[in-house]
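As structure tokens, one chain now follows by itself in the form predicted alone.
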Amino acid sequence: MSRDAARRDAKPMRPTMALLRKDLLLERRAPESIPAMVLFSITTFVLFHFGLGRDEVDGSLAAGVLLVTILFAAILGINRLFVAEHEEGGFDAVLMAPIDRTALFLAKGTALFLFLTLVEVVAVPAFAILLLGPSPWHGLPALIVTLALVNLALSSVGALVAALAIRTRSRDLIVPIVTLPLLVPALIAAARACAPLLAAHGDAWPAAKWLLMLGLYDLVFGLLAYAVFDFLLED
């Protein structure tokens, strides 16, 4: 049986889970991405707290502060996503192994999603304490759903761009230049969805069209990234 045939016959979830487990163990043993992302987020919120000259923000301004902070914290994680594979020959191992190469994309995307979720568990309460009013939790369930959809967008686009940029000399420059324009539609929808949730007397749920737009973005870009990742890794 040829290598390509063996790769097609291999169960896709087994290599994905093995690669994901490896990434999570590496982050647990030598934390790099999550502490940096948490520190960046909290520091940014502190700067906004004092820089804006206001005790509280709400509505669109609060949504902008939260999403921009999460976005740039995610850029830190995206830059580190494929460093181990690049430095230790992981790309060559995946190319030679009889597995579906998109398992690497799924593992990295899932790892980034989990990293972002853990960061937000710390960052969102810090954001509420530093910048929101006394009762910021009326829209918490909808905010969790919105941030989960944002994390899916960041993870799918981030995993693809990180693989593209890791072999270039200017990785730290390529990642934001390519990632930020691709994420503009998702961030606009997320900002519109979050604004009423973070208003002083806002709605408990945003307009359904913004959540649907986020979901559609995740579906389209996730499938596109999945489809082209194999060819990108080969090149």
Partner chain sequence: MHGKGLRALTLATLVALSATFALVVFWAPNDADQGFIQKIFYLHVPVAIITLIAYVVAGIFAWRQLKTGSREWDLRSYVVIHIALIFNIVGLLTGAIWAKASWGHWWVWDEPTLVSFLIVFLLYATYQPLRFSIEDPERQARYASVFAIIAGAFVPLNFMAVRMATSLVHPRTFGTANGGLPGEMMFVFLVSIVAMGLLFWLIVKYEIAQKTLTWQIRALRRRLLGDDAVAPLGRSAAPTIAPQEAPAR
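Predicted model only: the values in this text are computed from it and were never measured. Positions refer to the first chain, counted from 1.
One more form of this protein should be noted, the form predicted in complex with the partner chain, which is absent from this view; the next part is about it.
**Student:** Since the partner isn't included here, can you check whether the partner chain sits close to all of L39, R54 and L114 in the model of the complex (heavy atom within 4.5 Å for each)?
**Tutor:** Result no, not one residue of the spot touches the partner chain.
**Student:** Find the only residue in V68, I174, V46, L61 having a heavy atom within 4.5 Å of the partner chain in the model of the complex.
**Tutor:** None of the others qualify; the residue that does is I174.
**Student:** Does any heavy atom of L160 come within 4.5 Å of a heavy atom of the partner chain in the model of the complex?
**Tutor:** Looking in the model of the complex, residue contacts with the partner chain include L160, since a heavy atom lies within 4.5 Å.
**Student:** Closest heavy atom of L164 to the partner chain in the model of the complex, within 4.5 Å or not?
**Tutor:** Judged by the heavy-atom cut-off of 4.5 Å, L164 is in contact with the partner chain in the model of the complex.
**Student:** For V184, is any heavy atom within 4.5 Å of the partner chain in the model of the complex, or not?
**Tutor:** Although the partner chain is absent here, V184 would touch it in the model of the complex, with heavy atoms inside 4.5 Å.
**Student:** Do V178 and the partner chain share at least one heavy atom pair within 4.5 Å in the model of the complex?
**Tutor:** Yes.
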